[in-house]
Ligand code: NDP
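One chain is shown next in C-alpha cells, namely the form predicted on its own.
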C-alpha cells in the first residue's frame, strides 16, 4: 500500500507541476496525459519497479517546470531523482544539440532510464499518429527516425516494450511513405 501511495503522490505532484501545460497539436491536450501514458505503457509491458514507474510520471518535471532534482530527491528519494536526471535534457542547449546528446548518451543510461526513453519515444510517436499537429510530413518522419536512433541504443530490456515501439514506428513510416 505504501508503494501505491508513493506512486499516486508522484502522479499528484506531476499533475500540479504540469497543470497549465498542453501538448503540441490542435486538441490542447493536458500535458500530464503524456507522463501518465509513459507510466501506463511500462506497466502494460510488465514493469513493476516502483522507482521506475514514479520516475516515468516525473520524467519531464525538471526539464519542463521549475522543479529541481533536489526537490525530487527530498520527496521521492535518490533512486527516482537519479533516473529523472538521466532522462532530463539540458534546456540551455540548442534543440539539435539536445537531440544529438540523447542519441550519444543513450547506450550509457541505466536500465530504468533506457526503459523510460523507449516508452517516452513510443508515446510521442503514437501521439503524432493519433492527433492532428501542424508538423510537416518531413518533420514527422525526421522525428520518427531520430526516435529510432535513440531506441537502437536502448532496446533489448523489455521485449513487449520493444515490440510496441517497433509497431508504432512501422505504422508511422508506412503511413507517411504512402502519402
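Positions refer to the first chain, counted from 1. From a predicted model like this one, the values you see are computed outputs, not experimental measurements.
Below: the form predicted in complex with this ligand, not depicted.
Highlighted residues 120, 133 and 142: every one comes within 4.5 Å of this ligand in the predicted bound form, counting any heavy atom.
Residues with any non-hydrogen atom within 4.5 angstroms of this ligand in the predicted bound form fall in just one of 41-49, 65-73, 107-115, 142-150: 142-150. At the 4.5 Å threshold, heavy atoms of residue 154 stay clear of this ligand in the predicted bound form, well away from it. With a 4.5 Å cutoff on heavy atoms, residue 100 does not count as touching this ligand in the predicted bound form; it lies far away. When this ligand is considered in the predicted bound form, residue 53 lies well away from it, no heavy atom lying within 4.5 Å. Scanning 76-110 for heavy atoms within 4.5 Å of this ligand in the predicted bound form gives 95, 96, 99 in sequence order.
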